[in-house]
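Given as structure tokens, the chain that follows is alone and in the form predicted alone.
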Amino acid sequence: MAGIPGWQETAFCQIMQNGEQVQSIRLNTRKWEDPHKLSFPVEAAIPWTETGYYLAERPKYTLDPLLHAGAYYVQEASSMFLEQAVKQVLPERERIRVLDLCAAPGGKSTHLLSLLPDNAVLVSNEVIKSRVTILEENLIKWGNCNQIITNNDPRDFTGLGGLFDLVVVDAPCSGSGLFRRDPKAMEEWSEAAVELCHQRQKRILTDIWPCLKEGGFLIYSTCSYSMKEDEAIADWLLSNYNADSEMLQVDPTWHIVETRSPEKSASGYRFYPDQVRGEGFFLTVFRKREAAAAPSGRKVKARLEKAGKEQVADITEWLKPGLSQFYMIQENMVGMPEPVDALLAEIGSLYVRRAGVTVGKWAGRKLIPDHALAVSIQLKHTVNRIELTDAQAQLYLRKEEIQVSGSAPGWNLACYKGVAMGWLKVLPNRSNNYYPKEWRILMRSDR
């Protein structure tokens, strides 16, 4: 740490030793707007984001139905500074294409979706197959349909050409910024790990740079204090590519340390836990000045079977306007807005896990709605709803049977405090719980 910009040894060591755990969340304002009506109290707003809040203590998140319904996301406060970068370099975000390259578990992707209009598209990619599952779950719960989830190595994007207006690389790093929150990270840290991450970060940026448009922006971040993974990477990029470093406006009361890289004077922003209420974090922004690469080779367009006209007509009673294309992927109907459909045609060579919103399966002319439809912000408010008590919501999340009376027969949305959690099918003598079995919780409330 010696010589790193902004590091104050005494104060830093004291805050690390006291073991304070900072709790913070970010609201999904498409589902929940009032932080004071959550299931737990908020303490203060996080100053660099409009939707983030500090909590006085850690709630039992697993037992909170609003978390599972996508009303908020539990996220480290410093990393929410992404919002300032996006808003300042891209004040106009209509119809842009964004790539979140290292997206799991979904914190920055859900944040980006909240910052993007419905006619923009976000591609959330995760190279590690085992981590795509949690990314997919969190993005489904967030409820947007202007998204594509992919599972590819960064080099798979190299030949796509200049498709993206913004690329976010929250790079794999040595993790020193997480030492206070995760003591295990200390055990895994070494100088060799820093060097390995430095080389990996350069490889990732080399692979991804060609798919950024001319004039497009790259936001690079780590949760490492190491200059080799932060300012040195900025110097390396500016030395090897025709790019500009972008300076952000930072309120001095936030106590974020503004740095300059030693060789190219690139602007960087460092977060120290003794100076901000959050963990260690670094962010820097670049603007691409060189011409974007042309697509290499023949494009492979995904072969998708269009849904039948009768099925599309039947689905209109479930969905708000905005989805222009409907496809049958295996047994499921999937709906997509036009910008997603257009981008999907250009990235057909990638492995796509999910795009748009999965509507459901068909049994004749009857729809068996998918869980993604239940928690989608695209679902109409006219769908029958059942408001669950806290005790009923706990049963629902454990995928147990719920006794409901006086509800309309057939498909109903199981809701908690007005937010949809999933489907219940009401039958004459019982109700069937359609919460995804792989997401069910095992913890029980002690209330």
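Throughout, we count residues from 1 along the sequence that is shown. Predicted, not measured: the structure shown is a model, and the values here were computed from it.
Note that the form predicted in complex with a small molecule isn't included here; everything after this is about it.
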Though only this chain appears here, would Glu126 touch the small molecule in the predicted bound form if you measure heavy atom gaps against 4.5 Å?
yes
Any non-hydrogen atom of Gly106 within 4.5 angstroms of the small molecule in the predicted bound form
yes
Given that the small molecule is not shown alongside this chain, does Cys102 nevertheless sit within 4.5 Å of it in the predicted bound form, heavy atom to heavy atom?
yes
Find out whether any non-hydrogen atom of Arg200 is located within 4.5 angstroms of the small molecule in the predicted bound form, and reply yes or no.
yes
Which listed residue (Pro273, Pro339, Gly161, Pro172) meets the criterion of a heavy atom within 4.5 Å of the small molecule in the predicted bound form?
Pro172
Give me the residue from Arg131, Lys87, Lys306, Lys184 that has a heavy atom within 4.5 Å of the small molecule in the predicted bound form.
Arg131
So which of 361-369, 314-322, 200-208, 241-249 is the stretch with heavy atoms within 4.5 Å of the small molecule in the predicted bound form?
200-208
